[in-house]
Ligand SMILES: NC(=O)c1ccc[n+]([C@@H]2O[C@H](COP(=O)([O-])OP(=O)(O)OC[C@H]3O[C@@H](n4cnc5c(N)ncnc54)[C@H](OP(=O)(O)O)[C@@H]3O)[C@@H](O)[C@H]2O)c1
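Okay, so here's just one chain, in structure tokens, the form predicted on its own.
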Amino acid sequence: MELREKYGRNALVAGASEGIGAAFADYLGSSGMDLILVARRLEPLKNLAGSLKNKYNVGVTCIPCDLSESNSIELLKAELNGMEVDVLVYNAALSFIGPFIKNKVEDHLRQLRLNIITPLEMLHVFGEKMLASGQGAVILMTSLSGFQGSGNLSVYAATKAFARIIGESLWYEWKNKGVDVIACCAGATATPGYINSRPETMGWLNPRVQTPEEVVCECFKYLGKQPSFISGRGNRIASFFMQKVLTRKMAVSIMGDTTRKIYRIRD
């Protein structure tokens, strides 16, 4: 019940239908918070909602919404109908793997909308109300791919750099106003999306793939204590090596080469 007492009653999880989003919903539900679950597909949301209601006896509202649409924030506000959002988790993301020029510009623009524009709008709409009430929390999911150029993940990586920087910036602006903000930088995580992409195993030197539950538990460990964090000890070691030991050129090359091998990409 600590989260509800500290931040308020309602938690909105964007991208909640599976994987890390579903794990966030479970964690927040276990703390006694009522849930607002947002994702494109209604059926998985309804299945998750039923499970969480039975487990934790909390209120669950399901809102099917394609957050890559230009009017998504207006649709979301209409569905909420004045309901307060005390904790915002933005986990929704879109990624097109492969050479930049081989993906349609329309697909790149969808990534920008879902990964940058919509969370920015949510931060403004819900953050303003949190600041007015003097309490709340924001969790932005980002990625290790956003720490340097990432060939064959170019637009996705760039959007994840945005998420980390805006999260850290708002941590500073809001930290003395009762609103905690954190950017959660995850590495490879065993979500359905990751598993369905059929990545190649890269050997024992690569960081261990984490479970969604591990990422979420670590996130709440650091929420309110620091502006961002890298989930998983192996990921932190790998990031230190990439950012502090290697030259920028080497880090970018390794990231691009690794992505090519994992996803069997040919130019």
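Residue positions are given as counts along the sequence shown, with the first one as 1. Since this is a predicted model, take the numbers as computed values, not measurements.
Omitted here: the form predicted together with the ligand. The next part is about that form.
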Seminar exercise, completed: Which of 74-82, 90-98, 124-132, 174-182 lies within 4.5 Å of the ligand in the predicted complex, heavy atoms considered? The stretch 90-98
For this session: Report yes if any heavy atom of Ile20 sits within 4.5 Å of a heavy atom of the ligand in the predicted complex; otherwise report no.
Result: yes
For this session: Look up in the predicted complex whether Ser31 has a non-hydrogen atom within 4.5 angstroms of the ligand, and give yes or no.
Result: no
Problem set entry | Residue contact check: Ser68 to the ligand in the predicted complex, 4.5 Å heavy atom | yes
Exercise. Is there a heavy atom of Arg41 no more than 4.5 Å from a heavy atom of the ligand in the predicted complex?
Worked result: yes
Seminar exercise, completed: Checking Gln111, Gln148, Thr189, Ser154 against the ligand in the predicted complex, the residue with a non-hydrogen atom inside 4.5 angstroms turns out to be Thr189
Exercise. In the predicted complex, do Ala16, Met141 and Lys160 all put a heavy atom within 4.5 Å of the ligand?
Worked result: yes
